[in-house]
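Starting off, we have a lone chain in the form predicted on its own, written out as structure tokens.
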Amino acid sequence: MGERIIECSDGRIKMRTCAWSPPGDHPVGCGMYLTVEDGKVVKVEGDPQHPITNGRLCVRCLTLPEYMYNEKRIIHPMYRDPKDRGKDVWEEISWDQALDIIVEKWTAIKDKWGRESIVTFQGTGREPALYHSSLTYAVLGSPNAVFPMSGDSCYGPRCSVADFLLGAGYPEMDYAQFLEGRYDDPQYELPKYIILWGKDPLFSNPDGFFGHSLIDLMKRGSKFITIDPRITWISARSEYALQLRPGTDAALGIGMLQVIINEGLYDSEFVEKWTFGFEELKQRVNEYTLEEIEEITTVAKEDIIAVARIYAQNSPSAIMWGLAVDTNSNGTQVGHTIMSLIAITGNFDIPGGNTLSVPASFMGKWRYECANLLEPEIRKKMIGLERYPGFQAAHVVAHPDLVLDALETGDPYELKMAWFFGSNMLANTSNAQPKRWYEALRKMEFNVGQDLFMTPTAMALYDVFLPVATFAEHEGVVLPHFGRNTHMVSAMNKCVDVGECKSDLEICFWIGKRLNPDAWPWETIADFFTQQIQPVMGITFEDLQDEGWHMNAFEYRKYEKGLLRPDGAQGFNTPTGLIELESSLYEDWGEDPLPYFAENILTPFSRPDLAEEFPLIMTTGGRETTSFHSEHRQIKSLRRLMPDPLVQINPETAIQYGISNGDWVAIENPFGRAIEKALITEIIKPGIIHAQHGWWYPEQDGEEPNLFGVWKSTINSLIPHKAIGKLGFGSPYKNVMCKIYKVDSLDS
């Protein structure tokens, strides 16, 4: 490994670090050197010794100085009277003043309405994901930590289904991430085929997976199959690209299972020894015909058969399943079918298959143990606990859809204080029906938020604005896959200060030591991290900073060695001790124990009465290299690359509606309307459109009613509220009916 600090001959220094956020990004932990001159970061370079990224960086990392020193960045705490929400009348205050205001308001609200009246909102994918629970449970003492995406439809559903059926973390593709020798390690075997199911890692680098690893594997001989309504870069280089109708993934998975089971292509030894419910699964998948599945998915029967055979007959192979599974009311069942495919082909936890994490991964006090700090009578008041017990069993948070209901109705009780923890929720990918959230939250007694820029959410709702440090300005850790299947822990090393900004964890320390000091006994951030990592890794945080990154020893086939169960027995950490092809838990929660296909709530097939007016299907959520959801819109060099929100339309569909490339287009359905610019392209099928998400316009007027133009292109206004699955997971962000028509401008 390289040195932590390099002193250059010209007086500058280089600090080795690993990236997370802010600025927003998934926790790949890209290795880099930051050059510092006169107390400022002036250059960003990739670290070629980093074992995963090998010196490669995305454009967002390369533009870090432009982000850090942007003229619009907020670098001091600010306050305004709650009656002035929506107005740009902020007063700069000190951190001590901010603390006094927060403590005073928290105390008054707690004493009058109880701590359950406080709710916290986490953004997506950023570093605050590690500390949201600690803020809620160990600082504010509230039971209501919320990721406000309808159905909690991002990563959580995948992890929860894996927990229910495997007793392990989300199963990631084996890209030699655990091995010191990477692809050349003698333990490793190259995946023969990689199925990308609703996932485009080259652009999303999802959940800690380094997308360019796919190119590494492609060069070494791995072949690809993609399942996506669009043709992606990898689709164009795949043996098969199955362009299914959005939201029909469960039907496709059932069809593949049927082929593999009926043709005897499954791993009979693994199925017999390590799975539960195979005969029941066989009966279920044969309730459908392949002709019916072809009609549902629009994927040719012959292609379904071919892909199923290829996957089953080419071990090891791996499936990467992504956000399209979560953003689907039927998503729990999609995850069930995908894990069943991996299981019956024996591709779990083998070299080149899908890896599994051990139960005791490095998550620490702030994620799960913090909930134990709540008194039982307070914890029982978590919103959604009775309605969706399976949802809370998986990750101990309040249910977002029921939180919106509570905000609007006061049932089961009134909510009075909100804390926005790295969440630009009015503009971001998360909230279905964002205007309803806006109207409900502006009535709160008191709101606190922390971010780096004045966002629509901050302008509309914050009373106290706390400025957040970038990863170059604070010490921290990076956990790929958020700790659920983490192959390494990396260090973020502070090299500069900007203004009076604090990290998300430092803010927890700062307020926690005032409101709940017993829960925050550490003197320093380094002490805090050392207590988390030393029992697992045997090193201190300072050791980690010097190393740069740390990898623990890894073993395959942990189910054979008693490494997946706390009791040390062979098998899986489930009630049956096996991979549950038929769930032993679901019936208790009102769900079918076997996978099935159900049409989403707002499609031309579920609502034929609306199909004539709204004949198209909108999908959304595809990533851009220039932004992370709603972040980076004010970074000029990145905005030049992507100046406007784009809706992808097939040429045939465009002709039908009289739309030309570059026209402004309104996208509308019974729930809402958004305007984007047409991109005519054959990568999307006729009858389907893909709309970009997370758009707002920092260059526009920020005050109400405009709020940086946030309502103009908000795709989430078309997503119905509470159109979720039986367990409480999943919502149809990627599969709603709509119509399109040409308009004169963004302001039409």
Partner chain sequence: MKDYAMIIDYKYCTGCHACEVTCQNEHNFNENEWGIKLTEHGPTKFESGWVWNYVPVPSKLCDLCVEKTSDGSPVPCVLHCLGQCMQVVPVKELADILPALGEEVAVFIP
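Residue numbers count along the first chain shown, from 1. Being a predicted model, the structure only gives us computed values, none of them experimental.
Below: the form predicted together with the partner chain, not depicted.
With the partner left out here, the partner chain still marks one of 415-423, 653-661, 227-235, 596-604 in the model of the complex; by a 4.5 Å heavy atom cut-off that stretch is 227-235. Contact check for His721: no non-hydrogen atom falls within 4.5 Å of the partner chain in the model of the complex. Among residues of the shown chain, Glu704 is not one whose heavy atoms approach the partner chain to within 4.5 Å in the model of the complex. For the chain shown alone, Asn54 is a contact residue for the partner chain in the model of the complex, at least one non-hydrogen atom being within 4.5 angstroms.
Proximity of Lys513 to the partner chain in the model of the complex falls outside the 4.5 Å heavy atom cutoff.
No residue of the trio Lys105, Lys502 and Glu699 has any heavy atom within 4.5 Å of the partner chain in the model of the complex.
Shown without its partner, this chain lists Thr35, Ser717, Thr63, Asn70 as candidates; in the model of the complex, only Thr63 has a non-hydrogen atom within 4.5 angstroms of the partner chain. With the partner omitted from this view, the residue of Ala519, Met218, Leu585, Met78 that lies near the partner chain in the model of the complex is Met218 [heavy atom within 4.5 Å].
Contact annotation for 39-57: residues with any non-hydrogen atom within 4.5 angstroms of the partner chain in the model of the complex are Lys43, Val44, Glu45, Gly46, Pro48, Asn54, Gly55, Arg56, Leu57, listed in sequence order.
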